[in-house]
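Next up is one chain by itself, shown in structure tokens, the form predicted on its own.
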């Protein structure tokens, strides 16, 4: 019955249903799709070069001898993994700092607020670029290393937004009652505040993942990252490097652009749908 009710709610909230549907399609594409490819063909010098789409190579091949269908299957999964890892780390740190600083206040809250305000004045991509280029060999960063770099700035926005919600929530009656019942500060955060902010935390996670994916695409399009890996950002880098636009290799250009558009469409729709759940004025019962 719960599943039936949830599916019914998705029909009444088409943005959330559409976003989850697109994300599910991408996840199936990069998981089930592996059953139909040779993952080695996603790497250089594995197939003939510069072949347009055909029965043998549905997405064509590029100038490095990569099967673009295999590359899209493997690379979409890598890009989503980078974004989700960085977003989860960023939200975890942001939730920890936002809840504790907002609830307890004092010197700790002042320090956290100061650091967040300073970092928000610095363009995130510029900071990521500076950090990535100071590494020993930024052109050989592994996907998980890229995720860790992206997580350095992914916590800033969640910290600020969660802290503002906590500052408002801690003055409400149910928090006051919890204090009178002898609950500790951490118990109030975990048992009272966090459950009430779950939809809001889900929105923050979607935003953090989307921002991390955008950051990875920007860095990799500039050549910062492991150039051997077939991530979507690196595919864009090689499109630029081999001048696919000028050479008329439309299939090499179209496929990563469509995949990137689907990724951002999915997280945008999920954020819009979750906003309806988090907003008391528009919230509908499941």
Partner chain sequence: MTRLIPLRYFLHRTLYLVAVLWVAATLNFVLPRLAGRDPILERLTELEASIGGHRGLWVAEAIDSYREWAGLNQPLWGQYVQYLQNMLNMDFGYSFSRNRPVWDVVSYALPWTMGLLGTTTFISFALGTFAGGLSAWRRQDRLLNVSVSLLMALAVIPPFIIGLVLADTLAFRLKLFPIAGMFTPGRFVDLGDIEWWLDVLHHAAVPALALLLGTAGSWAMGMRGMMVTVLGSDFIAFAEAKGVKRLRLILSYAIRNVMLPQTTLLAMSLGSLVSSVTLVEIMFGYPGVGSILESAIRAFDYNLIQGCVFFLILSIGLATFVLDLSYPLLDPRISYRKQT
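This is a predicted model, so every value here is computed, not measured. Positions refer to the first chain, counted from 1.
If you look for the form predicted together with its partner chain, you will not find it shown, but the lines that follow are about it.
- Although the partner is absent from this view, residue 70 stays clear of its partner chain in the predicted bound form, with no non-hydrogen atom inside 4.5 angstroms.
- Interface membership of residue 26, defined by any non-hydrogen atom within 4.5 Å of its partner chain in the predicted bound form, is ruled out.
- Though the partner is left out of this view, residue 268 does reach within 4.5 Å of its partner chain in the predicted bound form, counting heavy atoms only.
- Residue 187 falls outside the set of residues with a heavy atom inside 4.5 Å of its partner chain in the predicted bound form.
- For the candidate set 148, 176, 122, 96, a heavy atom within 4.5 Å of its partner chain in the predicted bound form is found for exactly one residue, namely 122.
- Site annotation in the predicted bound form: the residue of 32, 261, 44, 49 reaching within 4.5 Å of its partner chain with a heavy atom is 261.
- In short, of 109 to 117, 179 to 187, 197 to 205, 75 to 83 it is 109 to 117 that has heavy atoms within 4.5 Å of its partner chain in the predicted bound form.
- In the predicted bound form, its partner chain lies beyond 4.5 angstroms of every heavy atom of every residue of 19 to 51.
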